[in-house]
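Okay, so here's just one chain, in structure tokens, the form predicted alone.
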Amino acid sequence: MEHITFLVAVVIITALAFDFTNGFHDTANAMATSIATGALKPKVAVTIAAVLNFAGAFLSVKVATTISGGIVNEKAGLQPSIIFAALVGAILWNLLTWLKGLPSSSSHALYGGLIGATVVGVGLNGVNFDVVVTKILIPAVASPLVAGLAAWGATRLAYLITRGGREETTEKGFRRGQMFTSSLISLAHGTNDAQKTMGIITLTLVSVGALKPGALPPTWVIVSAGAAIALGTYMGGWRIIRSMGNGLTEIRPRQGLATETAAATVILTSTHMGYGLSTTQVCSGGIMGAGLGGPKRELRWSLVRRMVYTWGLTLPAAAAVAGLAAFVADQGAWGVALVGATLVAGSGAMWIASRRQPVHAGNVNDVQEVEVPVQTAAPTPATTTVAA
């Protein structure tokens, strides 16, 4: 029993560590466009996002119950070691994509890790694949398309109604609007992503009998998950902010307001319905729609392709790593220790690698290399873009 109690504590700490990585990995979702257009200064942006992520964690628990009692079968015999392995797979994938500056899905990393570890540790009967399809896979495909289409339409409308207006005055007004819409995304992100860690911790407590199956997250779980994601958000995932804010397309204030409004609407609607969608995919889809709806109608397809490939790889890659970790952890205490040591070593190695070319608030909007964007309208001279 002492071993189980210690392992539960390790799992809870690891879950909060994942929540922290989720925060700095997904800061770009809310603030990349506002930082890129100059609507908010970088440090001000991440501070606002952190506060609102924490507040959003208290607004709903529907996504948390999708994880704790939806994706996996609580009665299938899950052990804390399995959940630990799931978190290891998710964290390592999060850090790898952050290092590469790729806006991948923290949510899908967690889902993939949970599915892979459960299949290895319990068997196929431990996963509710109907829930996986209806509340994860279908939203994964639909949500960025819906957000992209909405952002495209909103961008076209914004340029239409401001046609003939004074450019400087118009852009100033839209930048002010972005202060509200980017804040709304931060709040929406807290209502969706913070709950995923709540669900993992709740699932762990159910697995050892500390909570009954179907129980809602206790208050201390909500507070700790909200605090962890807020702290991660404040740290700022500057590499991904650079890619989303300047890498996909050139974002102007009208486009920024349009994409933020579309993304916030999709995220809040999905949270209300209990869908554990990827806020990263929603916001990226919105940015692409706004890019195509703007006057230049361009996207930088090299980054788009890399990003979409990463989206497709996230769930199976995290599942594979977590499945291997679950197999090792199932060998006993030494296996759990080995998995933990691998997590620490892998995380440390990626952090050290990131220091070779640091990205921070002072250089997040700097251009890095030259690329010719692929146009959907008449070609224009080569423009600069940033390295992912």
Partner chain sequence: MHIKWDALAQTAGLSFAITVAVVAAFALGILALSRREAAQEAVRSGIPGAGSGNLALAGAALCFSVCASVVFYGITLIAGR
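Remember, predicted model here, so these are calculated numbers, not experimental data. Numbering follows the first chain given and starts at 1.
FYI, the form predicted together with the partner chain isn't displayed, but the following is about it.
- At a distance of at most 4.5 angstroms from the partner chain in the predicted bound form, none of the three residues 221, 299 and 312 contributes a non-hydrogen atom.
- Contact with the partner chain, judged by heavy atoms within 4.5 Å in the predicted bound form, is confined among 184 to 192, 299 to 307, 286 to 294, 200 to 208 to 184 to 192.
- Looking at residue 119, you'd find every heavy atom of it more than 4.5 angstroms from the partner chain in the predicted bound form.
- When the partner chain is considered in the predicted bound form, residue 258 lines it closely, a heavy atom lying within 4.5 Å.
- For the chain shown alone, residue 87 is not a contact residue for the partner chain in the predicted bound form, no non-hydrogen atom being within 4.5 angstroms.
- Contact between residue 59 and the partner chain in the predicted bound form is found at the 4.5 Å heavy atom cutoff.
- Here is the short version: of 230, 92, 154, 78, the single residue with a heavy atom within 4.5 Å of the partner chain in the predicted bound form is 154.
- 270 is the sole member of 243, 107, 270, 97 with a non-hydrogen atom lying within 4.5 angstroms of the partner chain in the predicted bound form.
- Although the partner chain is not shown here, in the predicted bound form the stretch 123 to 139 places heavy atoms of 130, 133, 134, 138 within 4.5 Å of it, in sequence order.
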